[in-house]
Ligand code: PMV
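In the form predicted on its own, a lone chain appears below as C-alpha cells.
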C-alpha cells in the first residue's frame, strides 16, 4: 500500500488583488487529505467500482503516473472541509499524484501535474496557489513575476479561456516565533463560490473608490512579505485586521463572516476572511486558541485549531 497525504491551505494576504498583479501569500495548514493506493483486480474508489476515464480530477493524474491497464483500489480520507476555500480538491490532487506514481517524483513535478489536473477539471481555469502550497508546505508566495528576495521554486504558464496566464511560485521562510503560532479557522457553513465573488469584484472595478481600496489590498499584500519575515505577532495581526477591513469595503464579506470575526477578535492578534469571501472561512491568529475556537462555535461556526504546516505532501509506504 502507498499512502500520501497533503495539507490544505489558507490565503493570508492577497485575496482578489492577486488577479490584478499583487502577490498571493498562502499558508499550508495542518488539516490534511490522505490518498491510499493498493493493487486491485478492478478500479475501486472508496469501496465502490468506478471508471477513472469519467473522473475529471483523477484521469490526467492516472494518465501521467499510473496505468489504466493495472487497476488500483483508491481510498480518500480528508479533514479539510469541502467548498470552504481551504484547498480540499488541491490537497487531494497533490496527494493522489504522489500516491499513484510507483516511481519517485520531485515536488515540482507533483505540483505541476496536480495544477494541470485542477485546470482541466475546472474548464481551463486554476491558479497554482492551492496546489503549490499543498505540495511545498510552509508559506508560499505566488506572483506574476519573480520576487528576488524569496526562494523561487518554479514558474507556471496556463492558457485559459481568458488568455495566457503566468505565475512565479516562491517559498517564504519565516522565523520560529511566527511559524509556531496557533491559527484558528472558523467555517461559516456557507459555501463560497470563487467564480461568483471574482465576477462581483470585476464588475465594480470601474469605480474610483473601489479601485483605491483594491490598490490598498495589493499594497498590503506586497508589504506582508517583509512583515512575515521580521514582524511580531501583533504587527501581523494588525495587518490581517486592516486587510479584512479593505475586503469588507470591496464587498466580499458577509454577515456570517463578520459574526465569526467579531467572536474571534477578543482572543486573537487579528482575524480576517480567507479566500474569495461571500461565505467560507475566517482565519484568526490566536492568542488563546481554545477560547477563540469556543467563541467561534458559540457564534454558530465550526472551529478548527491548526498551525502552519511546515510539511507539504509526503509519502508513507505501509
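Residue numbers count along the first chain shown, from 1. All of these numbers come straight from a predicted model, not from anything done at the bench.
FYI, the form predicted in complex with the ligand isn't displayed, but the following is about it.
When the ligand is considered in the model of the complex, only one residue from 155, 205, 76, 198 comes within 4.5 Å through any heavy atom, namely 198. Proximity to the ligand in the model of the complex, defined as a heavy atom within 4.5 Å, singles out one entry of 222, 171, 127, 241, which is 127. With the partner omitted here, the stretch from 43-51, 284-292, 62-70, 271-279 that lies within 4.5 Å of the ligand by heavy atoms in the model of the complex is 271-279. When contacts are defined as a non-hydrogen atom within 4.5 Å, all of 11, 15 and 18 contact the ligand in the model of the complex. Using a 4.5 angstroms limit between non-hydrogen atoms, residue 194 touches the ligand in the model of the complex. Contact check for residue 186: every heavy atom lies farther than 4.5 Å from the ligand in the model of the complex. Contact annotation for 84-106: a single residue, 85, has a non-hydrogen atom within 4.5 angstroms of the ligand in the model of the complex.
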